[in-house]
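Single chain ahead, by itself, as C-alpha cells, in the form predicted on its own.
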Amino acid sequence: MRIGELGDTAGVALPTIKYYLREGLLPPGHRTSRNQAQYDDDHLRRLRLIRALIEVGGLPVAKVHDVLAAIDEPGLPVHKMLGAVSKGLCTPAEATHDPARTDARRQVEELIERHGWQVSDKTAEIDIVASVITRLAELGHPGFVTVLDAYFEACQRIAEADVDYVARLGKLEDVLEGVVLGTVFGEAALAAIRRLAHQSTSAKRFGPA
C-alpha cells in the first residue's frame, strides 16, 4: 500500500506518519521509485503500536523511540528484552540524597525480599515506590507502608496473569509487543478497575445500610 493508504487504514494523518518516519519510529517503506514507496502489514502494525504508546500510554516521542529500540534489538534473551521494554516505559524518580528516601527504599527492598521477588537493585521502580512512601509520610500518612504488603500480593497475581498471557503469543515479536501493549493498556485498565473497587468497597462499608 502507498503511504496515503497506510494512513487511512491506521487512522493516522499523513503529516504524522511522515514525522514518525523522520524520527525513525516507523521504518521506511520499500522504494518503488525516487518519490514513491510501498508499505506493508508490518508497517501498519508498527504504526498502530506507536499510536497506542503515544495516545493511550501518553509517552513522549523520545520514550517511544527507546521502547521500540528495545523491541527491535536482536540477540537479547527474552527476559533481558522484557526488562529493556519495562525500563523504556518507566519514568525514574527524581534523584535525591534525602535520608527519609533512603529509609523508605530500605523498606521497599525488605518487601521485595519478603515476597521472594527476583528484582535488580538498580530497578527504577524501587525508587519510585520509595518516593511515594516518603511523600505520603511528609503529608502525614506514614502508615501507608503497611498497605504495601497487600499491593505486593495483588500485583504478584496480576504479573503472573500478564506473563501467562504473553507467553501464549508464540513468536518473540508478538511477545514483546504484548508486553508493551499489556503494560500501557493494562496500567490504564488497572487504575480504572482499582477506582471501581474503591467505589464498591466504600459503598459497602460507609454507604447506607
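A quick note: this is a predicted structure, and the numbers were derived from the prediction, not measured. From 1 onward, residues are counted along the sequence shown.
A second form of this protein, the form predicted in complex with another copy of the chain, is not displayed here; the remarks below concern that form.
The closest heavy atom approach of G182 to another copy of the chain in the predicted complex falls within 4.5 Å. Using a 4.5 Å cutoff between non-hydrogen atoms, D162 counts as a contact of another copy of the chain in the predicted complex. Though the partner is left out of this view, I71 does not reach within 4.5 Å of another copy of the chain in the predicted complex, counting heavy atoms only.
Within 4.5 Å of some heavy atom of another copy of the chain in the predicted complex lies at least one heavy atom of E138. Of the residues in 180-205, those that come within 4.5 Å of another copy of the chain in the predicted complex through at least one heavy atom are, in sequence order, L181, G182, T183, F185, G186, E187, A188, A189, L190, A191, A192, I193, R194, R195, L196, A197, H198, Q199, S200, T201, S202, A203, K204, R205.
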